[in-house]
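Given as structure tokens, the chain that follows is alone and in the form predicted alone.
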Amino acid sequence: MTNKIMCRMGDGERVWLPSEQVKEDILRGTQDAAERAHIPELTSEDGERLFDIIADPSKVVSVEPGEEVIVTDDAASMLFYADQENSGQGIPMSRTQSLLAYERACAADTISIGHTDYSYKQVKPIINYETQEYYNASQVTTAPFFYGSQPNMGLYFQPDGPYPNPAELLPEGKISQALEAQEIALEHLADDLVYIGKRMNAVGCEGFNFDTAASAGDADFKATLKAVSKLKEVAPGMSIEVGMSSEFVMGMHGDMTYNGKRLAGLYPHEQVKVVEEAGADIFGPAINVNTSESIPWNLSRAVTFVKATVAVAEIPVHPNVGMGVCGVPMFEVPPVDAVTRASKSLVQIGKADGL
């Protein structure tokens, strides 16, 4: 193991790599991001700092004093009571109890809840229950309190929803029908998102999180942007966070635009500008992890994307640091050594405002 650095692969496998290979992977990673998105590579100084963070012999690393950032989450407190198959601990406790434990025992900067299914389509039929749950919890918590879920336009297509499924129509060559289905579904989704947001705002919701936006492509993203814009008109005091599902907006439709900007193919530094235009308060880029590459390669890519995004953003940027994105291995319970290195690198080199 002499002269080798303990690292991870993108799937979480622990490996020992020579220093030269770690440096080479860092260079290849930033070059890949720069080439794909036409953004600047990390500087040689950035690369050296990233190497030092990865090569740190400590199991857990952290930012330097004074560079701490705010952390938002997508119902992290749910992990206390969720079953083990969903990465939870299965502790018999209520949502409110889990929120209090997360806020007070874990000293959370912000807290949040969401429906167990974590998709807004599932929330609408039980909105009365969810607003009551949020209101009751808000009376005993102190930290800024978000309600979150995924737009998840895929649930609006058959067999889960009412509209024909583009994933079935496109292979059959039914292009116009596939496009029409997405155009109709996005309006339905946007209306539902606004409806739920209004109901939450009525009980004093402090923050609303659109998590994993654009998971069904550019139409999903457009529905989210339309909902954000409308909610900021009717609920200007409710903070809105938009967290992405991928570094690249898939063109499942291809011709979707927002205020004249084509949505398909946008990378994080471009995504943040349309999110700003819609009126959101926080943007969360998600940089995909390649499980066949090392974490030095994956993290270098993520930092490159985030640094370019922060450089043009006018709202806080909170990169998604969860399993399979932004340099964190695609593993159900990500190893702390990789998570803390990703967090430190994104903040100190990528200049992220939060995580």
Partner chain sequence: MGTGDIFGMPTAHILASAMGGIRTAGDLVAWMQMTRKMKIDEAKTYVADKLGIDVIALTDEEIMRQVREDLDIGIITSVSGSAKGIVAKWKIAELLDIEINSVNLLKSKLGI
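Residue numbers count along the first chain shown, from 1. Predicted, not measured: the structure shown is a model, and the values here were computed from it.
One more form of this protein exists, namely the form predicted together with the partner chain; it is left out here, but the text below deals with it.
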| query | finding |
| --- | --- |
| Contact of Pro57 with the partner chain in the predicted bound form (heavy atom, 4.5 Å) | no |
| Partner contact for Ser229 in the predicted bound form: the partner chain, 4.5 angstroms, heavy atom | no |
| 4.5 angstroms heavy atom contact with the partner chain in the predicted bound form for Lys23 | no |
| Exercise: Asp109 in contact with the partner chain in the predicted bound form, heavy atom 4.5 Å | yes |
| Candidate stretches 85-93, 256-264, 122-130, 169-177, one within 4.5 Å of the partner chain in the predicted bound form by heavy atom | 85-93 |
| Residue (of Ile53, Ala313, Ala37, Leu27) lying close to the partner chain in the predicted bound form, criterion heavy atoms within 4.5 Å | Ala313 |
| Heavy atom within 4.5 Å of the partner chain in the predicted bound form - residue from Ala190, Met252, Leu155, Leu79 | Leu79 |
| Contacts with the partner chain in the predicted bound form, stretch 217-243 (heavy atom within 4.5 Å) | Gly237, Met238, Ser239 |
